[in-house]
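Shown here is one chain on its own, the form predicted alone, set out as structure tokens.
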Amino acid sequence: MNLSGLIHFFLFPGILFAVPAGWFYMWGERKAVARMQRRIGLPLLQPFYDFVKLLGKRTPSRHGIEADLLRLWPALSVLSMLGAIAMLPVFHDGKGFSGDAVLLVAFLEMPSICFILAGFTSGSIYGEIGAIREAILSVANNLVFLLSIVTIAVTENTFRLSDLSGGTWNPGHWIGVFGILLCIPAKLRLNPFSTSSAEQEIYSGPLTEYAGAALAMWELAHGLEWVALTGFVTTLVVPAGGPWWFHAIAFFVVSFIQVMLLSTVAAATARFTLQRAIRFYWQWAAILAVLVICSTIYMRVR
């Protein structure tokens, strides 16, 4: 078990896979947007070049606890995403522990929490506005996100990730997956849910005061968020069984299809106002999620 955990964390789907995949997914995101706007777009290695370039830039001098906290938040985001990716049951090998889906959700929420804290730590009015928007939107979409995961867990009668993974014919499972997909754009701050980092209004929101290596870590965390969130959905839909190489290829291909789909939707939509984004999740998606989970529980107790 210890050896398996090390392989999952360092090899696949861990660091050696997740970091290059994150850069590749960010390239896919920006390339899809460029093609939708009839532009050529960036070269394949541009996200990696941007990361290296930011690492070499000097960071504005700050002192005291504020400087330490500004470096801490992106580092925590990267580490939490690596932990979440390592937990994904890519190979359906039955390992894990009871309730590990709860820990996965905690890891997936850490970047949003750190993003909010970074905005308030920055001392910038734009950072604080972005942090407030992110906090409000996070509360709105997390209701749907958690209800979707609970729906899948109730359907399978477990919170063990290895038991939740693999596509089934149960409608509750697939509706839960659809609910998770609805929440991914908000968690990745994509259009139409990019209110917390709206460049035309508040520059880069919580990241306005970031530069250099700390900003590079935020970019890396964003790429890892792509891998973790799309990978989570992939493990829920790819059928169990088959050779290990099939699951490895399917994990990458299905995840990248989600990247292209969500990026295309982001390029084709305008940014929602904060009120409209909240109304979308609480007035429509949350009602659907509540009805689905109630019907699922009803079917189980009959």
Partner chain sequence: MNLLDRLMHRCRRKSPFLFHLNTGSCNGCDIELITCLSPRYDVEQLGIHLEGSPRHADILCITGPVTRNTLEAVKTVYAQVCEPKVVVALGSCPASCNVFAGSPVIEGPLSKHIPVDVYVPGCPPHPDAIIEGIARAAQILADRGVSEKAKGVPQK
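Everything numeric in this text was worked out from a predicted model, so none of it was measured. Positions refer to the first chain, counted from 1.
Beyond what is shown, the protein has a form predicted together with the partner chain; the following relates to that form.
K.L.:
Do Gln37 and the partner chain come within 4.5 Å of each other in the model of the complex, heavy atoms counted?
P.N.:
Gln37: contacts the partner chain in the model of the complex.
K.L.:
So in the model of the complex, does any heavy atom of Val52 sit within 4.5 Å of the partner chain?
P.N.:
Yes - in the model of the complex, heavy atoms of Val52 and the partner chain come within 4.5 Å of each other.
K.L.:
Taking the shortest heavy atom distance, is Gln46 within 4.5 Å of the partner chain in the model of the complex?
P.N.:
Yes, Gln46 lies within 4.5 Å of the partner chain in the model of the complex.
K.L.:
Taking the partner chain as it sits in the model of the complex, is Ala211 in contact with it (heavy atom to heavy atom, 4.5 Å or less)?
P.N.:
Yes - in the model of the complex, heavy atoms of Ala211 and the partner chain come within 4.5 Å of each other.
K.L.:
Hey, with the partner chain in the model of the complex, do Ala131, His222 and Arg279 all fall inside the 4.5 Å heavy atom range?
P.N.:
Answer is no for this spot.
K.L.:
Answer with one of Ala101, Ile152, Leu207, Val90: the residue that has a non-hydrogen atom within 4.5 Å of the partner chain in the model of the complex.
P.N.:
In short, Leu207.
K.L.:
Can you pick the one in Phe107, Tyr203, Phe178, Phe120 that has a heavy atom within 4.5 Å of the partner chain in the model of the complex?
P.N.:
Contact check passes for Tyr203.
K.L.:
So which of 60-68, 269-277, 256-264, 236-244 is the stretch with heavy atoms within 4.5 Å of the partner chain in the model of the complex?
P.N.:
Single hit among the candidates: 60-68.
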